[in-house]
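Given next, in structure tokens, is a single chain: the form predicted alone.
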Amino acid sequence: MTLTIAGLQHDGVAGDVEANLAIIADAARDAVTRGASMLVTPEMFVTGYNIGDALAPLAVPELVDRIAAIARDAGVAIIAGLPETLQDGAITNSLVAVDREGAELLRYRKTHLFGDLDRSLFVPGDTLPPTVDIDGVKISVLICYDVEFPETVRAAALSGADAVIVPTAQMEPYAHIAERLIPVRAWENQVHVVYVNRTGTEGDLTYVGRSSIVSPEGVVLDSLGPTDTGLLIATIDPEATRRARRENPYLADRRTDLY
């Protein structure tokens, strides 16, 4: 079994949930037409990310239901970045994964908060995500800054993930993360990395685009440039993961008695 994933690189509309859901719905239909079984949005795409006090009123539970409805209508699994409000009123930077019938597969709350922006808006999650099976392909997820810590991707690889899906909102001056670090994360863990970024501007941020889907050999399977909007698409093949781990046995050769 394989899983063809489409990543949506887009600037979105800051603070406009209806506009962003319409963008996701259009992208979901396009993804299915192009043979994809999953659509991935950027980080916090449903509401906007750098929107300050406008965020809290938009962080409602119904956002997950709206994503599920889009998935059912289009017949495609979706991983979407959105906020969650906890019982104490705190907000998390989260994602939800639903299958093509709209059933929820997992939620994940960003565990590594980046800078004053994240810390002023969100509280961190306290657990790494499980690995879930979609169409016979094992996937795990991270959000943006999470992927910059080698332990997070290593944990996903050790849990058997074939792909790590990373919605992100990477901004200037950090284009080198998208260009150089993401292929390294894939190579050192023999895992596909699906890195889906924003483009355009939002408040005082300029996003760097450069979304990519990278193979376990560190080869870029598809990518978009710094200002492109649209879909990037590639197929995740578990056999490619197994082959890479045979040919580059980093995971098997670790000296866990030393570290």
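Counting begins at 1, following the sequence as shown. For clarity, every value in this text was computed on a predicted model and none was experimentally measured.
There is another form of the same protein, the form predicted in complex with another copy of the chain; it is not shown, and what comes next is about it.
Looking at His112, you'd find a heavy atom of it within 4.5 angstroms of another copy of the chain in the predicted bound form. The shortest heavy atom separation between Gly102 and another copy of the chain in the predicted bound form exceeds 4.5 Å. Residue contact check for Leu181: one or more of its heavy atoms lie within 4.5 Å of another copy of the chain in the predicted bound form.
Another copy of the chain is not shown here, but in the predicted bound form it comes within 4.5 Å of a heavy atom of Arg154.
When another copy of the chain is considered in the predicted bound form, only one residue from Gly75, Pro130, Gly160, Pro150 comes within 4.5 Å through any heavy atom, namely Pro150.
In plain terms, the part of the chain that comes close to another copy of the chain in the predicted bound form, with a heavy atom within 4.5 Å, is 183 to 191 out of 133 to 141, 161 to 169, 183 to 191, 86 to 94. If you take 226 to 259 and check each residue for a heavy atom within 4.5 Å of another copy of the chain in the predicted bound form, you get Asn248, Pro249, Tyr250, Asp253, Arg254, Arg255, Leu258, Tyr259, in sequence order.
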